[in-house]
Ligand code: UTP
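In the block that follows, a single chain appears as structure tokens, in the form predicted on its own.
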């Protein structure tokens, strides 16, 4: 027997001019009707109405677009540059020591954003499962988890890992960790939680789209969904109970990230920052990176798509880019700062993207448009910076810390990222006295060494590599 759609839902759909979603209701099975009704109940139609109106009126709720705001952007003042003098090296050493103290005290956790799939790589699985180790062929998840495990062993304290997935990656990611015994991490220290979703709407009509019969076309709400997702999962409470005060945030696609970097953690704490951001010097004005800036004295990040060319190309008297600080999407958050925002029910603003979204029409089936037909709504985690009482920008070395896996070919491709790892590890091995044939691939497991100093002092001079057809590999001690 076909269920009757609850009247309250029907009334809501009619009120918000979304009653087209009722077409084909009677063709759904009772379980499908129940699932669809629950999905419709979860939609915040007031919020969607405001977002659609915002897009149609072509202005932001702040009465100023990011592009307009960018004209007042200046290089950030609360900034730590890479050390260039003996005095600066001493300051960095002090920051490193402070970071190691925080790690030994068990006050640090890590957040991994892993909601994306490897679609652009031709890989139909979560991107974190992509095999990237130059010699080991280890997946991204393993390369990052082994860093965290090695850092935990060095500190003598557990470092909880909070892994944010999406509907598209959650089940497969959890199963992958289980199959691989959490890559050596204690299962009790690994937490999976899902980011939220937002419906896609037709760009012309403002109507919600379907992806299948009785199923809304949904997409993840962006890495800015972090705050709401952590709060909804009760993980901010878990952090407090565990004594975690600082959270190192990174994304799954960058295996060069120094997970829970003591230098970075130390600078964050010593500066009294509530949020910190790692940046690298942009290669050119045209490089597609968000930039860290100050606007009217407030530190923030402006997306490259919101940065007018004439602003991006501004130079200093010496000819260098004025707005040079490209964001690596690596942050440190103070847990109390996130709690304060969550308790105040503050939400990150939505950004609206015009995308091609497959749409299902009852009686006609699914169509895949060749051009953008819909609006998607997502939040960016870096929009949290202006809310901080103190935000810090810390410069990093691009060759050491940044080459994310983005593309199938060229820059940020698997081959490009692997060669970045090989170059780094080759330098470590050569500094320790190893003579390596020019074409030999080199990989050093994080469980063997986390940096060049540890490799030279404890591994490289005493322990030979495993030599395989793929190259030389230093595994765990």
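Quantities reported herein were computed from a predicted structural model and do not represent experimental measurements. Residue numbers count along the first chain shown, from 1.
In what follows, reference is made to the form predicted in complex with uridine 5'-triphosphate (UTP), a form of this protein that is not presented.
Participant: Using 4.5 Å between non-hydrogen atoms, is residue 251 touching uridine 5'-triphosphate (UTP) in the model of the complex?
Facilitator: It does: once uridine 5'-triphosphate (UTP) is placed as it appears in the model of the complex, residue 251 has a heavy atom within 4.5 Å of it.
Participant: If you check in the model of the complex, is residue 113 within 4.5 Å of uridine 5'-triphosphate (UTP), heavy atoms only?
Facilitator: Output for residue 113 is yes: heavy atoms within 4.5 Å of uridine 5'-triphosphate (UTP).
Participant: Would residue 223 count as touching uridine 5'-triphosphate (UTP) in the model of the complex under a 4.5 Å heavy atom rule?
Facilitator: Flag for residue 223 set to yes.
Participant: Within a 4.5 Å heavy atom cut-off, is residue 133 in contact with uridine 5'-triphosphate (UTP) in the model of the complex?
Facilitator: Close contact is absent here: in the model of the complex, residue 133 is far from uridine 5'-triphosphate (UTP), nothing within 4.5 Å, heavy atoms only.
Participant: Work out which of 260, 164, 292, 394 lies within 4.5 Å of uridine 5'-triphosphate (UTP) in the model of the complex, going by heavy atoms.
Facilitator: Partner contact (heavy atom, 4.5 Å) among the options: 164.
Participant: With uridine 5'-triphosphate (UTP) left out of view, which of 345, 399, 178, 119 would have a heavy atom within 4.5 Å of it in the model of the complex?
Facilitator: For this set of options, the contacting one is 119.
Participant: So which of 198-206, 260-268, 213-221, 356-364 is the stretch with heavy atoms within 4.5 Å of uridine 5'-triphosphate (UTP) in the model of the complex?
Facilitator: Checking each option against the 4.5 Å cut-off leaves 213-221.
Participant: Under the 4.5 Å heavy atom criterion, name the residues of 374-389 that approach uridine 5'-triphosphate (UTP) in the model of the complex, in sequence order.
Facilitator: The one in contact is 378.
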